[in-house]
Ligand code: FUL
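Before any questions on binding or motion, here is one chain by itself as C-alpha cells, the form predicted on its own.
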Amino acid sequence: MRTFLTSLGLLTAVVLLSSCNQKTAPPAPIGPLPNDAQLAWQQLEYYGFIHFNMNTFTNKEWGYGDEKPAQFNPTALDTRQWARIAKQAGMKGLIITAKHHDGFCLWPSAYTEHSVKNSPWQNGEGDIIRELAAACKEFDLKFGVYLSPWDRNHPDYGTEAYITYYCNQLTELLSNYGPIFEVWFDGANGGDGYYGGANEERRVDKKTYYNWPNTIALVRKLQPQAMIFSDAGPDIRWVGNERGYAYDATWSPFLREEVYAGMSNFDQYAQGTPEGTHWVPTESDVSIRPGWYYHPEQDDQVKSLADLTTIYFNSVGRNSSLLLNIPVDTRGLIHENDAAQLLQLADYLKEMYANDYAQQAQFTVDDKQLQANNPLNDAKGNTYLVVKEATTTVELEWNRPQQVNTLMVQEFLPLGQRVVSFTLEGNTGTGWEALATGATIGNKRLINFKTSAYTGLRLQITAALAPPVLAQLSVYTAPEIEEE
C-alpha cells in the first residue's frame, strides 16, 4: 500500500488489484472534479429548510407583496427549538427564507421598511436571522440563507436600481451573521405583484437581469466558503423537481454554462451528463408537508415515515443531498406533528446504520481476495480501491447467513465520477439471483433489495467511463416499516 498527495491535497491510500503486493501511482482523474468546499458540502448529505415568513401569517404559499408588517407577529418564536429538533433529527444545518417573493425581511434591513423592524414582534426590535444564526452555532449546525431574487413589494423591481438593492441586502446577510454554508437563489422570478402599489406584471430577462456573475462574485468575496445554489449552480444545482427525488442516473458533471435560473427547459439538463463541463452536484428539496409554508389545515398531512425514508433513499441514496423543508407555524415553533416525524426518521436511520455487515465479510474483487481491513471497509473516507478494467466485480461472502437488505457504495470523488451502470446479486445458499440494477453511484448509492439471509452479495460494475475508483462499500439492514 502506498500513500501520496493528490492534486487536491488529500492524503490517500491506494490498492492495485492486479497484484495485492504491487505498488502503483494513482489513476489519472477524469472529467470535472469537485473543489474542497464541494467535497466538504457533500459530506453533509442532509439538512433542513425553514420556510417561515409573512406567508405563515397570511396562509399563502406566495405573497403578493401588499402585506403589512403588522401582520407578522409570532406568539412564541423560539429558534433554539428549531435548531434542537434539527440536531436531534440528524440534520447538519438549516437554511432560512430570509426574504421570500413578497419582499418581507426577517432581519431589520436598512434598505426597506418592509421588515420585522416595523412589526409588532418584539416591538420591532427583533432579528430572526441573528437569533437563528446563534441557535445554529449553539447546536453545532451549519447556517444558510435564502434570499429571493424576485420581490413583489419593491417599487424598483425590474430596473437596475433593484439589483443594487438586492446586492445591498445580500451584503447585510453575508456580513453580519457569521459563517454561511449555503446561499440559496430561487429560480422563480418575475410576474404580477404589488411593486410599491403599482399592481402590475413585470417580466425580466432571467438570464441577464440579475447580473449573476457580479452577484456570485459578491458572495465569494463576503463568504468564500459558502456554497451557492441555483438551477445553474455554480456550486450546487436544483435536482429538477420538488419531490426530493434524484434520478437513477444522477451525474455531478453538468453543462453549467448552458443553464440559468428559471429557464423553461431545465428538465433536459437536470440529470447532468458525463460530458459535463463543471462539477455541480444536485440538491433534492422537498417539504415534509404538501406546502412549503405552514397551513393549519395540513397538520394531519405530514409525510409518513415510509414517505420520508423513500425520499432519503432517492436523494442521499442517489448521489444527491436532501434539503427537507420544515414549515414553522404561527407560534414560531416547529409543529409537534412535524417534529415527531423528523425524529422517527432519525431513529430509523440510526438503527439502519448501527451495524455494517460488510465489516464481517470476506471481500473478493475480480477473483482476488482483499485483506480484512481494506479500503472498501476501513471507513476512513480518504482511501480507495483501484482496479484495471472499466468493468469489475466486488463480492462479499459471510461464514454464516446475514439478514440484510441494503448495500451502500461510494466512489472516490476527487478522481471524478466514473460508474455508468451496475447490477447487484445475492446468494441465499442456492445460487446467485438478481436483486437490483442501477446507473450512477457518485457520492453515495443506497441499493435496497428484498430482506433475506444472504451468504453473499455481488456488485458488478457493468460500465464505467474509466476503471472505477471505489471508496467505501457497506451492508445494512434497514428496519421494516409497518403500514400506517
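What you are looking at is a predicted structure, and each value in this text was computed from that prediction instead of being measured. Numbering starts at 1 and follows the sequence shown.
A second form of this protein, the form predicted together with this ligand, is not displayed here; the remarks below concern that form.
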Quiz item: At the 4.5 Å heavy atom threshold, is H51 in contact with this ligand in the predicted bound form?
Solution: yes
Exercise. Answer yes if any heavy atom of D248 is within 4.5 Å of a heavy atom of this ligand in the predicted bound form; otherwise answer no.
Key: no
Quiz prompt | Proximity of E160 to this ligand in the predicted bound form, heavy atoms at 4.5 Å | solution = no
Quiz item: Should A188 be classed as touching this ligand in the predicted bound form when contacts are defined as heavy atoms within 4.5 Å?
Solution: yes
Quiz item: Can you pick the stretch from 336-344, 399-407, 178-186, 358-366 whose heavy atoms fall within 4.5 Å of this ligand in the predicted bound form?
Solution: 178-186
Quiz prompt | Contacting member of F72, W292, Y195, W107, with respect to this ligand in the predicted bound form [4.5 Å, heavy atom] | solution = W292
Quiz item: Though this ligand is not shown, can you say which of E242, E125, E257, E200 has a heavy atom within 4.5 Å of it in the predicted bound form?
Solution: E242
Quiz item: Does any residue in 141-162 get within 4.5 Å of this ligand in the predicted bound form, counting heavy atoms only, and if so which ones?
Solution: Y146
